[in-house]
Structure formats: structure tokens, C-alpha cells
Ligand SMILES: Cc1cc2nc3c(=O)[nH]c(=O)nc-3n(C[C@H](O)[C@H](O)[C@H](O)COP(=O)(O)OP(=O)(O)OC[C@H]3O[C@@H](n4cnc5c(N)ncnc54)[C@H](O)[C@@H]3O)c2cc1C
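Only one chain is included here, represented as C-alpha cells and corresponding to the form predicted alone.
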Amino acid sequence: MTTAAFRPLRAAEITAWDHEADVVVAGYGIAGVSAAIEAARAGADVLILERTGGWGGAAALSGGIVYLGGGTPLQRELGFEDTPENMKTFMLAALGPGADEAKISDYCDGSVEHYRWLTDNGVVFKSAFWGEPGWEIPGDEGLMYSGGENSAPFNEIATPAPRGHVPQMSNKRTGEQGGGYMLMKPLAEVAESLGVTPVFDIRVQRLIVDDADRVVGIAAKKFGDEVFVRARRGVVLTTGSFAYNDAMVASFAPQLIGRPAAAIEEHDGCSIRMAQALGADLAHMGATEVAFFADPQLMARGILVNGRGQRYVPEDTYPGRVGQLTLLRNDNQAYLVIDEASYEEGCATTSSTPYFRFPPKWAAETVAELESDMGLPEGTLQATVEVYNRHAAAGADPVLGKKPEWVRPIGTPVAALDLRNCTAGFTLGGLHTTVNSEVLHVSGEPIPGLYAAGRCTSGVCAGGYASGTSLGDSSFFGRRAGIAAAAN
């Protein structure tokens, strides 16, 4: 689609409207369905325009982790104490720099209520805790650590509390059939019961404005035919990130060139471009989540070193943090050094990502021999292992703060997994919105009639990431968007 194609249309140019509704939502993922439910409950007639053939979006293909805290019923049932203030302290430390404090404050203060909203709408969280390292929960437990809350340095900044809430689901297959489906399914059923009307296989392209520059509709294409949709109260944009728009990635987040990892390729930034054409402001366009293709059960049992043979991250932390530090701070160079006993022990555990258990590329009887085989500068890996082992003998890691339960000396035989270039990610930046999901003009004023939520906006993450913040802030601020649009 060319840049010209995003330019807004004037309502006076439209001779006939193909569809009309009070609130028109573009995108039927987690942000869109949340907006639709709240708009409908506020008395609005709601229409959802969805590019694919059904509801779900990236959310339905995800692991389903929703970042919630502050003392949710599930946290309390499982014996974990948390407060909105404690949650906010962690999020401001982990999701910056430059995190939106107003959004994080609202999100933390409203987290318990949002949990109840989800469960009242049919989402089920099993009262069971998964405490092992992992990208996702391989079973049907409902709660996990999903952001490194219990790992250095964050366990010294805020009291650790697990906040990854996962809808109950069995027989999961990561990236194919996860808890995200059981998040979307009941919400889509609620939306249908409220009379929300979906239109599938339709691609939004341009916003429509009246003579006062208020957004009053959307121009779209359906099977090649142009379709004009009128919004009597407001338009809500929820079409996802720009991870699969090569030009936008090259301009704003070049670290992800050639390595997109959004769940669906429809994340092409169309909402961002449509709103930009009206003068919408953007925020944190360079921020990205970074996945790291390694198994957390193995990482926690070894040490990760960069191309200089130096450790750079506590190996028992959130693997997304490992990915960010690897790609953004260490030239995408990583090796997992692990001894034979620890490798075999890790491979015997249950994991949601067993396909990340690569065989070692190098194996040796001594660290010096391994270092030479890996082509690392002489003495670097030896010095790293010597320092690590000296403190590990006492169960400590004063260098990076790995938790004592995972600290043990690296023995022999010793091996290394080649994890260079094992990263991919999706974008976190997007439209600059208020806490009520109004899209802001570059002047700082809201664009009348236009709202947005989800990964087409800049949400609670500005730099760092925690699994569940996308589904969390998308649903939370999606609700805000629906309420605001319906009240317009």
C-alpha cells in the first residue's frame, strides 16, 4: 500500500455508506474484543472490521499470559502477597526507560478489577502455580513468574510476586494452540451475545473525517471492492504492531530487520499509518520485545557468555530480558556454557519449548580446550568460569545475582551451545494515546472521534518487556477505548 493510500477521505465525498454503527472497531483481537464489549455494554451499536476470516488475531495464537497483579484473587489463593504500589515499582523499573507512568499507575491500580472483569466474562484461571523456568506454562496451571520479578536486579527493587496469569488449557502447542485461545474464546462469545456485529475478510485502509476533522468512519476493501463504514460516535483502532512492515521496521526498529516474531503477519502497521496521516503523534517506536531461542531450563543451569567470553545477564531471569540484552547490548552474540550433568538434568525437565534444546556445538574435557574450540580470546572464558566457580562453591553469584538454587560450579566434561543470532521480536511502539485511549495529535490534543489500543499504540512498555503486558494492556486499554468511544 502506498503512502497516498493512507490519506484520509472527507465524509462529503462519500455518496453512500455500506455499514453504519455507533462505534466501529478495526481488528478482532484482544484489544478489539475488549473495546467492543465495553462499548456495547455502554449502549452503543458496535461493528468490528476484521481482516482475516475469524476472530482471534495474535492473541488467540499466543501463550495467553495476562500480566496482572496488585493482589488478584489468584495471587492470594496461592499465597502470594502483592500491592498496586509494589507492582508499579517493578513495572517502572523493568519496562523503561521512559515508561508511561500514568498508564502504569492506572494499570496497576485497576489490575484486580481487570482480573475480575476477565473472570466475569468467562476466562478461567486454574488455582495452581508453575514455578519452573520457562517461556510459558506447559501444563494448565494459572500463575507464573513472567517478567523476571524474582530475579536480579528486580528482586532487590520490589518484592517478587508472580503476575503471569494464564487461562486454563490442556494439550498446548506453543505458537499453535496456547492459552490465548481460551482468553479470546469466551470474550468473543460475550461480544456476540451483546449483539456486536463482525465483518470478516475486510481490510481497513483510510480514515474518514468530516469538515471539522473529526473521525467519522473508515474506508476499507473487501474482496477488491471499496467499502465505506460510518461511525456515529467513534472509531477504535486495534490492528496490531508493525513487525511485518519492512519499511517501518527499517525506519524505526532496525534491530528487528529480518527477524520479526509477531504471531500473525497481518501486523503491518496500517492503523499507525492511517492515524499518522491525520497528524497522530507516535511514541517509543524503537522499543521491541526480543525472543531468545533457548530453553530456560538449560539457561538457568549454565552460564551465558558473549563474544568476549564474559557473562552479561543472570541466567535465571525472564528469557525476554536475556533476548533484549543479547541483541541490543551484546551484538547478538551468545553461547551457553554448561557441563554434561547439568545439560542432561535440564533436558529431563518438562518444558513448553523443548525444541529450543539444541545439542552443544562444542564439547571438551577442559574449559581451556572449549575456549580454544569456540574461538574466544585466550583466557577470557577461563577467567569467567574461574570467577563463577569460585563463588558458586559457596552458592553465591555476586557478579550478576543468579539465585542460589541455580548456582553450582561448572564441572567437566563441559560444552557450549551456539546461540548466536538466536533472536527475533515484535515492536512495542505506536500511536501516542491517553489513559482513556484517545489518540493524540502531534499538537498534544486528542484527535476527535479516534481511539486506539493494543500493539498499534505505545502501551505500558517503553523499553523492557514482561510476558503478559501485551495481552494485559491491550485488554485493559481496549476497554477504556470502548467506553470512551461509546460515550462520545
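These numbers come from a predicted model, not from an experiment. The numbering used is simple: start at 1 and walk along the sequence shown.
One more form of this protein, predicted together with this ligand, exists but is not displayed; see below.
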Segment that reaches this ligand in the model of the complex - one of 72-80, 197-205, 97-105, 320-328, heavy atoms within 4.5 Å: 197-205
If we test each of E266, D140, D397, D316 for a heavy atom within 4.5 Å of this ligand in the model of the complex, the one that passes is E266
Are G56, S62 and A262 jointly within 4.5 Å of this ligand in the model of the complex, each by at least one heavy atom? yes
In the model of the complex, F476 touching this ligand (heavy atom, 4.5 Å): no
Is there any non-hydrogen atom of N436 lying within 4.5 Å of this ligand in the model of the complex? no
In the model of the complex, does N421 come within 4.5 Å of this ligand, counting heavy atoms only? no
Spell out, yes or no, whether the shortest heavy atom distance between R51 and this ligand in the model of the complex is within 4.5 Å. yes
